[in-house]
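This document contains two forms of one protein chain, each encoded as structure tokens and listed individually as structure 1 and structure 2.
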Structure 1
């Protein structure tokens, strides 16, 4: 999965972002000021950098300017004004996220940027099941499992957002789109089928009052 540098001087927020990135399978490296960000970005390879604009030392904008232009950057900041957005995007950032943000939205944007730079996840394996996101195939113990298109779409969404619970409404929107007139029962049925076909009754969890979660963590 991707190696992501998280540059944010507020410790709680840095922690939060790193944890969530780790949950969906990325490797997150924290740093707390602009100088450290530049140093790390220069020394190690990263697939994406999340940059807070207001940091001690060089600002996020400064860091982006001095960094290698080939590394994708997403600005994360409280500066919501148009001028800052234009500056940020204008200097070549791949995206600009304003605080407070929904963690799922941040993750989706990270995924989008990684997809553009081809750093996104192609395949996923867990408990005997291998999912090839590129060819849209699923294999259980080496044998291909026949999945309907929407079943695979649902599987993909769960995989990309793994370890985070998604509500039925969110799944409906993400997999079936805004125009879909169906009920959330559709989601339930598809989940049921996935569980059966992949033997993932324990992997795709029902989260009380929230929705469904594809869990790869061992129960604590």
Structure 2
């Protein structure tokens, strides 16, 4: 999907972010200080940079000032005061995420920025099914599959977060919204319909005591 530079000096956080970006299909390149971030951003092509503010060497703010202005940036930082947020967004950052964060929230922010900057994946193909995210259409063996709006919303959420286990509560929040008053059974029924319509009984997997995962990995 996208090539993303992860500039974060705390290795456990860097590893967590890179691992989850890779799971959903991105290429994540880690770095651990401001000088390395500037060097990599100047020498290689990236669709997005995730920048910690407080790093060894130049701060994330300084890195942003000295980078090519055309590279999208999301600040990921523990600096949660209003002045820092305004500084970061004021210098042209595309988003500002405060630690600690939920990894699904960060992935959603990444997807939103990639969409706005036209760097996101427009289609996804797996086992005879093609999902066109731009036109909100799904095709099986070249034939369009009729999906209700919420069925496609759920499919898109599973595709964007593929290979990640998503709880029913997370899916309700991501697809139906924070104020949805229905039950988790709603998710089960929509998953059942998607599996049947797409022939993805083994692709949309049930994760025991958690929820569901759209898996692109071959089972051993």
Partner chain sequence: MRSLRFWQKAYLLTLALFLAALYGGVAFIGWQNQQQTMASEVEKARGEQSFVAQGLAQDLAAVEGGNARLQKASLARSYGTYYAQNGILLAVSQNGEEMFSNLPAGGDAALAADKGRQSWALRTLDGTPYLLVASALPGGLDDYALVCGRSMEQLYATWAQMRATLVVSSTIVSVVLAAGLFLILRRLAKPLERLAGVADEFAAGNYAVRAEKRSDDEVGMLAASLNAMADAAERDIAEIRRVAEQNARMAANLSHEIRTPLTAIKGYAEYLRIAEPTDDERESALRYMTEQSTRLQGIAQRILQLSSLEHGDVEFEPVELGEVIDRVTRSVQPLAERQGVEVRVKPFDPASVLGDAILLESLFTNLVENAVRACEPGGRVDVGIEARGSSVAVRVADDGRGLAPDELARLGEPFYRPDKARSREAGGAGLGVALCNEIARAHAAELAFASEPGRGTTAAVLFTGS
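Positions refer to the first chain, counted from 1. By rigid core we mean the largest C-alpha set that fits within 1.5 Å across both forms. Note that the structure is a prediction, hence the values are computed from the model and not measured.
Engineer: Of these two copies of the chain, point out the form predicted together with its partner chain.
Structural biologist: Of the two forms shown, it is structure 1 that corresponds to the form predicted together with its partner chain, while structure 2 does not.
Engineer: Core-aligned, is the CA shift for residue 172 between the two structures 2 angstroms or more?
Structural biologist: Comparing forms between the two structures, the residue 172 CA shifts at least 2 Å.
Engineer: For residue 139, is the C-alpha shift between the two structures 2 Å or more after core superposition?
Structural biologist: It does shift by 2 Å or more.
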